[in-house]
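Only one chain is included here, represented as structure tokens and corresponding to the form predicted on its own.
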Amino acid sequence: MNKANVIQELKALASEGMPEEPEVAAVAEEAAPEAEEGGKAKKAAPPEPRKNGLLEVDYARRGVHVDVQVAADQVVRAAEIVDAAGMTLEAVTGVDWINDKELEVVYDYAYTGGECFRVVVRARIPRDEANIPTITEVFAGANWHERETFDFFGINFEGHPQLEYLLLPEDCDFHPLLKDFKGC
């Protein structure tokens, strides 16, 4: 596995169709200075939500080496890139950005043969049209991860071979990890 090639391919994928502009997407959280407030160090604010782009981040602080934001229609290609590098899928989950009216699908990948290398791929989709392609053709193990994410966030993984409830009752009409969920 060649980390530099993975980074280069994911960066190229994330920048496809993006207008030429300064590296706004490459502003890492470590670059923000910590402010002093009443003698106590205040944690730097997290970076603003970013458009497509790639961050190489501090593994000790973030638990990953590379954090890449791609368009929803690019998640399968991103999976193919990391699969070709010999990486494995660890998790697929979601994040509800209710104020932005978006859901984010988060894919965690790792390479543990020799030196550890971890990549997170993120894709944002509208809350009211929560559709994203399945990656089960690349990683068969994504099947259960995507079903669980469907259960809890209502994200439709288009082309999934068996997208039905995994943990919740089959007649369930709610998704409990959405921030506007009020209970049963």
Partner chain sequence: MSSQALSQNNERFEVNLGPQHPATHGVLRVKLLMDGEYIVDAEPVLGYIHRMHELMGENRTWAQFLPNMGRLDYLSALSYNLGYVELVEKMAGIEVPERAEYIRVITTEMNRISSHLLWFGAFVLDLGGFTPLLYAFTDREEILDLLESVTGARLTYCYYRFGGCYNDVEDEFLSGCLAFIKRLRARMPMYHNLVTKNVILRQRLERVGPVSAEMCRKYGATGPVLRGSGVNYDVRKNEPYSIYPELDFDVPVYHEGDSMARYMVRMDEIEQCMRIIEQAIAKIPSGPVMAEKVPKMIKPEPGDYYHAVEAARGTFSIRAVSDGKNQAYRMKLRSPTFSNLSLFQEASKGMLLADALALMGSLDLVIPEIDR
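In this text, all values refer to a predicted model and were calculated from it rather than measured experimentally. Positions refer to the first chain, counted from 1.
In what follows, reference is made to the form predicted together with its partner chain, a form of this protein that is not presented.
Contact check for A4, R77 and A130: none of the three has a heavy atom within 4.5 Å of its partner chain in the predicted complex.
Under a 4.5 angstroms non-hydrogen atom cutoff, its partner chain in the predicted complex has D83 among its neighbouring residues. Using a 4.5 angstroms threshold between heavy atoms, F150 stays clear of its partner chain in the predicted complex. V138 belongs to the set of residues with a heavy atom inside 4.5 Å of its partner chain in the predicted complex.
Among heavy atoms of D73, none comes within 4.5 Å of its partner chain in the predicted complex.
Contact annotation for 112-131: residues with any non-hydrogen atom within 4.5 angstroms of its partner chain in the predicted complex are T112, G114, C116, R118, V120, R122, listed in sequence order.
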